[in-house]
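Only one chain comes next, encoded as structure tokens, the form predicted alone.
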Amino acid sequence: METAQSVRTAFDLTGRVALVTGAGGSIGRTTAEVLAAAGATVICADVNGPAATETASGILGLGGRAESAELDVSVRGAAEALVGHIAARHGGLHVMCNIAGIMIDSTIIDLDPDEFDRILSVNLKGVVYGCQAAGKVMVAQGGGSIVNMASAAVLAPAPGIGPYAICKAGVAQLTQTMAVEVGEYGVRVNTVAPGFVPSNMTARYYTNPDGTVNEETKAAMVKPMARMTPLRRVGVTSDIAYCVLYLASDASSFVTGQLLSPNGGVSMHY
């Protein structure tokens, strides 16, 4: 019989170590906070070192366990070095969240080759490197959960974000293939594909030249987005972070190779 205690235990990450890339950004930061609140020791990694430190400091200030690290996921060997350091320091790695990502706006016809290389390096190769590094440790220790961040853009085409969607589609396929390859070792690999969430990435649409948020432009953008969503609202970062928690925890112990898309119902899939 399931009890209140067994339900709490299913989501409890006490004693586990989690690495979150992109932890200086909006979704990454909230994910790090949620995993820490669930009891994990969270290594907050980001290419922006001070932002990673700010996330870790906020967690520590609330009594959680956290460390920070500067990490450029696009650099070959960087994730492997960091994961090796974490495993040596903490005795293993139980949760890997590949959230770091960038965006470029371009049609396919006008796509600049250098920009395409740049987004592939971060959004696809960076996830591959993270999966490889974490996967080796998790296979050796006999278990773990890898959560990759994709996008609802893989569920329905949209003009102008093709390069981003291509990378995220690759992440979804990477997730399924790796899930098959490492499942027998107790390692689970899943994808979260968020719908529209006001965040550091989407802020480019409503940020003034001086870096401040143009609230009028933001409202003009968010209102129609919410109107076309069955739930009549856009997402918030915690909507995504709690999906990550589910996939990171024992509550999803029979779930692997899946794509979970918190998008308010804009895109629905079997």
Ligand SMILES: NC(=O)c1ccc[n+]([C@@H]2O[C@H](COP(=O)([O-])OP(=O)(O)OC[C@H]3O[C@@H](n4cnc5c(N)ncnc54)[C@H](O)[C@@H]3O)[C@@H](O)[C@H]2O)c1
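Just so you know, these numbers come straight off a predicted model, no measurement behind them. Just count from 1 along the sequence shown to find any residue number.
Here the subject shifts to the form predicted in complex with the named molecule, a form of this protein not shown in this document.
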**Prompt:** Counting only heavy atoms and a 4.5 Å cutoff, which of 179 to 187, 129 to 137, 150 to 158, 89 to 97 contacts the named molecule in the predicted bound form?
**Reply:** 150 to 158
**Request:** Taking 4.5 Å between heavy atoms as the contact cutoff, choose which of 221, 243, 47, 37 touches the named molecule in the predicted bound form.
**Result:** 47
**Message:** Considering non-hydrogen atoms and a 4.5 Å limit, does the named molecule approach residue 83 in the predicted bound form?
**Reply:** no
**Message:** So in the predicted bound form, is the named molecule close enough to residue 202 to count as touching (4.5 Å, heavy atoms)?
**Reply:** yes
**Request:** With heavy atoms only and a cut-off of 4.5 Å, decide whether residue 144 touches the named molecule in the predicted bound form.
**Result:** no
**Prompt:** Heavy atom to heavy atom, is residue 116 within 4.5 Å of the named molecule in the predicted bound form?
**Reply:** no
**Asked** Taking the named molecule in the predicted bound form, which residues along 66 to 88 bring a heavy atom to within 4.5 Å of it?
**Response** 71, 72, 73, 74
